[in-house]
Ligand code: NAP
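Quick setup: one chain, the form predicted alone, written in structure tokens, and binding and motion questions come after.
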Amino acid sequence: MSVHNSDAAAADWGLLIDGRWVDRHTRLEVRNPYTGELVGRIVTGTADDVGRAVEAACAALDHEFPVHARYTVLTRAADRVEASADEYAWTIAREGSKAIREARREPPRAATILRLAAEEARRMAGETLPFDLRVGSEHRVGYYVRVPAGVVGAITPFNDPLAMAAHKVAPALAAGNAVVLKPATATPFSALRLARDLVDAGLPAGRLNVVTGRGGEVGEALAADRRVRVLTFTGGVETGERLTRIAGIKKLAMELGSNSPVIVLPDAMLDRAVEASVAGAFAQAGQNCLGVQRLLVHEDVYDAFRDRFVAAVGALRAGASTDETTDVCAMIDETQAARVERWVREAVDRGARMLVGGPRDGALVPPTVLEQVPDGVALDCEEAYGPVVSLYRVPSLDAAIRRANAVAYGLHAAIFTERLRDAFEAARRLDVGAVIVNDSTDYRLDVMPFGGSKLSGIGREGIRFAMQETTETRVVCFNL
């Protein structure tokens, strides 16, 4: 059995448990969602495999993994990712919903994440505590430190398969934990390649284990295992709620999606707003938790913005993810594409006007723009997670903020304006994890504290903040 293969079109991989690649007879095929091309096969892991992976992770924690060793492993792995960047990019394009030009941006990002985590491992520290601030404690001295939480269970989504695996794994390892990773079933291969590069970089056995398979068995077994002290998950609200119910008493870090609004005010630089919003809405076929879904445009510039936006969207080219000229590729599968098609039809049947769009071709939904979307339809209040944007005419900043906040999500919001007062007003009142000024909601720097309010999740990612999520605070006090 070949556990990895440089030919991404015919890759077969096993499970990584306790430093060894393990084969199973039961396998799942992974196919390109648009062409149907066989990308490779993965082992269908079981709850027993999860148990063995967690056991290996627990055993690994009994052995020292000092900061200098964490730093060395993570930086060596970053070098390996960069050296194989083209191989990674084609893997990402073949297995998922990123056009090759988009996929090429992911390996450098993953390498940066690994290096940032390595640096943060060197900076993770506590501080002394002034015990003598209380009468009777004059002879006490002490400090606090951050210690590894233990075993971290990580479940990653399909849309950024390499970067999200790096975001889950690198900070947890940098903080001294052991990890059991369950990558997305639809896009597992770049995460498996990352695991290989970490092992080849010298990661001790058991510090990273990877169990592929169906979420209903592997993901839920990982969440339910009481030896797992932190569960970090990126995915949909329904799955997040189910995992939360079965997780028991452990730390949870969850990013569960959004319905991201962008506000465009009369003084905005319209060309800049159009360009950023088009890119933010249709990258990854709209399958991006930060993707632009609602454009709340002031009535004074609505018509001008709409016309420029529609023209720009109409120029996008939809096609195969491996085509160098493709701007928008297929969604992850036909089921999700059919759901988006239903949501668009629902909005149009209730009065929305389609400005750009067309019939679905299997998993390929053409870039779609609607206006006059009625309140309460799915596209208005739920996460579309597809290449669809709705335009709204608003009379004021106040009205835009109220509409932006009217959904159950709060991950990112954006505003285009040249007025500092309006930018600060939006930053104060928008109920979200981040407010982006003069760029789309689809902006993220990997050192940012990343997360949201309401149904958008629990906790924060971003290297240093993820390390805080995967560590515990320990106080040490000496009575002299």
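The model shown is predicted, which means the values in this text are computed figures rather than measured ones. One rule holds for the numbers: they count along the sequence shown, beginning at 1.
The same protein also has a form predicted in complex with this ligand, omitted here; what follows describes it.
Across the proposed site, Gly215, Gly219 and Ser258 without exception bring a heavy atom within 4.5 Å of this ligand in the predicted complex.
Only one segment in the set 241-249, 355-363, 110-118, 94-102 has residues whose heavy atoms sit within 4.5 Å of this ligand in the predicted complex; it is 241-249. Comment: this ligand is not present in this chain, but in the predicted complex one of Val274, Met164, Ala195, Ala404 has a heavy atom within 4.5 Å of it, namely Met164. With the partner omitted from this view, the residue of Cys329, Leu296, Val388, Ala184 that lies near this ligand in the predicted complex is Ala184 [heavy atom within 4.5 Å].
Among heavy atoms of Val50, none comes within 4.5 Å of this ligand in the predicted complex.
Among residues of the shown chain, Phe416 is not one whose heavy atoms approach this ligand to within 4.5 Å in the predicted complex. Though the partner is left out of this view, Ala400 does not reach within 4.5 Å of this ligand in the predicted complex, counting heavy atoms only. The closest non-hydrogen atom of Thr234 lies within 4.5 Å of this ligand in the predicted complex. Looking at 143-159, the residues that come within 4.5 Å of this ligand in the predicted complex, counting any heavy atom, are Ile155, Thr156, Pro157, Phe158, Asn159.
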